[in-house]
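The chain below stands alone and is given in structure tokens; this is the form predicted alone.
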Amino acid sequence: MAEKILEVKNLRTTFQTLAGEVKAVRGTSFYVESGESLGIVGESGCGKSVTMLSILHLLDENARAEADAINFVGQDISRITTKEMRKLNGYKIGMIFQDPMTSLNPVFSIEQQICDPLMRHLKLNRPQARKKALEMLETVGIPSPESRLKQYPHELSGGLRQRVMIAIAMCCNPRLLIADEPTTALDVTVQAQILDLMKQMKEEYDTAVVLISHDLGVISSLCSRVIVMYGGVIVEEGLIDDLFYETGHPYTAGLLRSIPRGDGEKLVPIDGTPPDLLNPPKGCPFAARCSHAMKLCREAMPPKYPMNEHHYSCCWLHHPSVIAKRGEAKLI
């Protein structure tokens, strides 16, 4: 059995706002194994990015994250200080943020932004760090790396900036790479190149990857296992083929129906709006938008129902008494 690089147990994250307490993540538990690619998918506001920012201690001051444990390579990082976490971020854990234009520092050159983590974490001197920075730019496929080192983020295209972000995230050979919507705002061709590059880097360095996206098509191109989040909770988890061909949750089915298939079939939107996390529902968070919803769905949160060894769904449709009465629900 592969080593669990990251194991999150019962993560809860809240934000204090003028309107009240927003319960952004409500008891999330999952793991990532060594060398594995895990996808986290869901629409905007479901808690994907907040989950990762909570793990990395990168939340705003009005946020509070608690967990029973967040074990990273055997260490419970939920108990360490933000200062101690900085020693791991950029070193043992690499992060690719959603928008490289705002994530890269506009007043520092590309050379400075790649060399700084190398000098801080690996204790390289400036010439050694510069040599390593050149190697990383070549590895991520940036042409004329010598001249690119002297440039600033605004002088690069969106695709090149994202490649620089990958170079920074991978320069210290991290055990875990977290990529938050790394292909957003990139055209389809560049998007495919970035995903291929991430796959190449993962295989070359045997790095575990967590890919966050709202697009199951993007997730399927890189990930072997997928978590589906909605309303701050995980509603389904399984291997990529499980989700596509043995879909267990109506929300996952809705996401799949919204993917263009190229056969002329119309896209089907998910009617309604996400739940208000100031006052989250006591039952299934998707019940108000679900065509299969029963009275029970609105009254109690469903438990995990195993579909197979690697696949489970949090949906009352899989309760034995519901199956006996209504039969297996056809979701796709």
Partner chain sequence: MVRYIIKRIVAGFLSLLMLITLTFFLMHAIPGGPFSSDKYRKTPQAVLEQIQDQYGLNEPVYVQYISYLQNLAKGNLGVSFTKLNYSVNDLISNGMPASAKIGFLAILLALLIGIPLGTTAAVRRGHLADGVSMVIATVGVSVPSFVLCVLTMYLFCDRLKLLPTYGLSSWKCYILPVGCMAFGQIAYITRLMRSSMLETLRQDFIRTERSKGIPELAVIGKYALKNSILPVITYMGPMVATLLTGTFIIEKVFSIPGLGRYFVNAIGDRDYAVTLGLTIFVGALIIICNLIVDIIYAFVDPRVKIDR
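None of these values were measured; they are calculated from a predicted model. Numbering follows the first chain given and starts at 1.
Although it is not shown, the form predicted in complex with the partner chain is what the next lines describe.
Name the residue from 235, 165, 210, 243 that puts a heavy atom within 4.5 Å of the partner chain in the predicted bound form. Filtering the options by heavy-atom distance leaves 165.
Which residue among 93, 198, 228, 137 has a heavy atom within 4.5 angstroms of the partner chain in the predicted bound form? Exactly one listed residue reaches within 4.5 Å, namely 93.
Within a 4.5 Å heavy atom cut-off, is residue 61 in contact with the partner chain in the predicted bound form? Contact with the partner chain, yes.
Taking 4.5 angstroms as the cut-off for heavy atoms, does residue 74 touch the partner chain in the predicted bound form? It does not: once the partner chain is placed as it appears in the predicted bound form, residue 74 has no heavy atom within 4.5 Å of it.
is_contact(residue 143, the partner chain) in the predicted bound form, heavy atom dist at most 4.5 Å: So residue 143 does not count as contacting the partner chain.
Contact with the partner chain in the predicted bound form for residue 117, defined as at least one heavy atom pair within 4.5 Å: yes or no? Flag for residue 117 set to yes.
Heavy atoms, 4.5 Å, the partner chain in the predicted bound form: which of 34 to 42, 268 to 276, 53 to 61, 297 to 305 makes the cut? Say which one. Going by heavy atoms within 4.5 Å, the stretch is 53 to 61.
All of 29, 69 and 79 within 4.5 Å of the partner chain in the predicted bound form, heavy atom check: Looking in the predicted bound form, the three residues 29, 69 and 79 all stay beyond 4.5 Å of the partner chain (heavy atoms).
Within 4.5 Å of the partner chain in the predicted bound form, which residues of 134 to 153 have a heavy atom? Give them in sequence order, or say none. The stretch 134 to 153, when checked against the partner chain in the predicted bound form, contributes only 152 at the 4.5 Å heavy-atom cut-off.
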